[in-house]
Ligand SMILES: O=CCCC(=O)C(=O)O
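One chain comes next, on its own, written out as structure tokens in the form predicted alone.
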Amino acid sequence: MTSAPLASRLRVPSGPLFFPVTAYGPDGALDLDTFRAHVRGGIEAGAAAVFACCGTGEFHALTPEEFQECVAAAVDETAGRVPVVAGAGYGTALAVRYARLAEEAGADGLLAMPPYLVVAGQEGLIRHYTELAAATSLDVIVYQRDNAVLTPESVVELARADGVIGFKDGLGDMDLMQRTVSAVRSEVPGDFLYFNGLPTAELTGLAYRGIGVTLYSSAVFCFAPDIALAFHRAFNAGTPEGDAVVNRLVDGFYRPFVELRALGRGYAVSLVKAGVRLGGLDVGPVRPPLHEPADEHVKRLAELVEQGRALLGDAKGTV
């Protein structure tokens, strides 16, 4: 059932949903000062929410202690201006532990990552997410991707569960997503939140908007907030002029970026982190098992960012 505070703050965001990278120092240890600067810069650039220690933030690579320190730092930097949602994952016992650490750190909600390794049946997935939602007072957004794919009937059951306020789709099966939205709309009263959670969600934004999903995660906001913010404004305008800007950015920036991202495994994180470093903030490399992008790919990323900013100049005043 929808809980008003977090759900209402996310429903019509004033800017992109920000998924910050996690910063490491030269010795590989957590660099909280740089992480704070990254979060602070995102808020000042117009982020509507901070999703800390999620996929882009290398949740998989953080110890529980590092996780809690990062979430607490994000909460401190936001100072209530925008909500902070923290990742929680692995098996149910560990997911609950991370959820409680996030609650102690002051987070406003949880993004429930897929369970570790196993391919579970629907009954087990429902039990996993309902037990996680019951473990704290935090609202939960369930993240569908990889080994956690839910039927429309299962999402209906989760939408009825206390504490589950939304569903983030990282699968990209539009037929399944349409049937899910329709089933929940038909059977569960109230407004359940849906998010486009594909790695570069802007590319598929218009397709998701066609089935009523307008919320999305923006990794590009980490390293090119001006491009991501311009896209967000044009996308949410919902006008022919706005959609023209969206299509111009998709054709000239987002599609080439996705094609570049596809050149390396783990680039959905490591290429984003390289982009943050290109912008002048040294957030360090990714941790193993991820690896750094090739030099020629980082060079191409720099060219794409300039190309995207040139498109913003062309579109100035359109929206």
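A quick note: this is a predicted structure, and the numbers were derived from the prediction, not measured. Throughout, we count residues from 1 along the sequence that is shown.
Separately, the form predicted together with this ligand exists; it is not shown, and the next lines address it.
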- Message: Exactly one residue in Gly197, Gly89, Gly166, Pro83 has a non-hydrogen atom within 4.5 Å of this ligand in the predicted complex; which is it?
- Response: Gly197
- Message: Quick check on this chain: which one of Tyr208, Tyr98, Tyr143, Tyr129 has a heavy atom within 4.5 Å of this ligand in the predicted complex?
- Response: Tyr143
- Query: Picking from 47 to 55, 29 to 37, 64 to 72, 278 to 286, which part of the chain touches this ligand in the predicted complex when contact means heavy atoms within 4.5 Å?
  - Reply: 47 to 55
- Message: Although the partner isn't part of this model, could you tell me whether Leu111 comes within 4.5 Å of this ligand in the predicted complex, counting any heavy atom of the residue?
- Response: yes
- Message: Contact with this ligand in the predicted complex for Ala219, defined as at least one heavy atom pair within 4.5 Å: yes or no?
- Response: yes
- So in the predicted complex, does any heavy atom of Ala201 sit within 4.5 Å of this ligand? yes
- Query: Heavy atom within 4.5 Å of this ligand in the predicted complex: which residues of 261 to 292 qualify?
  - Reply: none
